[in-house]
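Just one chain is shown here, as structure tokens, and it is the form predicted alone.
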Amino acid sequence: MKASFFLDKVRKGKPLVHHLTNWVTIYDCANIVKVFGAAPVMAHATEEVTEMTSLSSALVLNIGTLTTDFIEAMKLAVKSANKKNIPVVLDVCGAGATAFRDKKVFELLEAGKIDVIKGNASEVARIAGLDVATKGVDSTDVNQDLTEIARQLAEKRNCVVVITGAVDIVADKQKVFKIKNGHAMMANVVGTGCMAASVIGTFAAISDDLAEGISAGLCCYEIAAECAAEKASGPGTFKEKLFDCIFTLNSDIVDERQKILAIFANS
């Protein structure tokens, strides 16, 4: 699989990616979609969320700054996305931190078809039923096999599961991809996880195989992070360079740097 193939599809297709997302990082999420060549929209009002979702090619939900009303708008968006048969990405941001947050995640999972569950190790482990806690929105250690957690949750929920970290794990019922690109500087910038969810939605919008497309998107995002880190002097310039490096990313750079390991169920 060449990640650059999916990058070209995003740039040619220019999908509209609808977000109901974290207010802390909403500007960065819009920018990351835009510099990849797609189109972001952030329409949160219950009065228009159904209609806006019906115009879109993917839906990204992020519970980072959740409220009860916001979750109700997300439920309406999920129903609209399911009706149109477009992929729904749920970033379970902060799952495992509070009982309220956990409750609302499971309400969303029961509200309709969620195609992609995304989070860090402790967030996803919590949704998978493990007794772990999340430190605000930062991951804590999970002393179990993350690949198996992702596999089992993907099978249970009939979806793709993404666990982000030093090595990203993307799993569906048949296969697992491990993406080994990226740079430690990403952990020093607020919003890189939320932006990853937007990247996932962008590449899911143009992919017949969600696990493949998502893996390609994360690979491209993290290759750009590697390039940005080489030019940056700290977190501030890194973030600035990240957008530039995504915008100028090309097939030669992606093909040279791609580090994706595929594991299939029968292998």
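Start at 1 with the first residue shown and count on from there. Everything numeric in this text was worked out from a predicted model, so none of it was measured.
The form predicted together with a further copy of the same chain is left out here; the points below concern that form.
*So in the predicted complex, does Ser207 come within 4.5 Å of a further copy of the same chain, heavy atom to heavy atom?*
Output for Ser207 is no: heavy atoms all beyond 4.5 Å of a further copy of the same chain.
*Any of the heavy atoms of Glu230 lying within 4.5 Å of a further copy of the same chain in the predicted complex?*
The answer is no: Glu230 has no heavy atom within 4.5 Å of a further copy of the same chain.
*With the partner left out of view, is Thr248 within 4.5 angstroms of a further copy of the same chain in the predicted complex by any non-hydrogen atom?*
Yes.
*Taking 4.5 angstroms as the cut-off for heavy atoms, does Asp28 touch a further copy of the same chain in the predicted complex?*
Result yes; Asp28 sits at the interface with a further copy of the same chain in the predicted complex.
_Heavy atom distance at most 4.5 Å to a further copy of the same chain in the predicted complex, all of Arg151, Glu155 and Val167_ = Checking in the predicted complex: none of Arg151, Glu155 and Val167 is within 4.5 Å of a further copy of the same chain.
*asked:* Quick check for you: of 117-125, 80-88, 185-193, 170-178, which stretch puts a non-hydrogen atom within 4.5 Å of a further copy of the same chain in the predicted complex?
replied: Within 4.5 Å of the partner lies stretch 185-193.
*Who in 15-49 is close to a further copy of the same chain in the predicted complex, meaning a heavy atom within 4.5 Å?*
Contacts from 15-49: Trp23, Val24, Thr25, Ile26, Tyr27, Asp28, Ala30, Asn31, Lys34, Val35, Pro40, Met42, Ala43, His44, Ala45, Glu47, Glu48.
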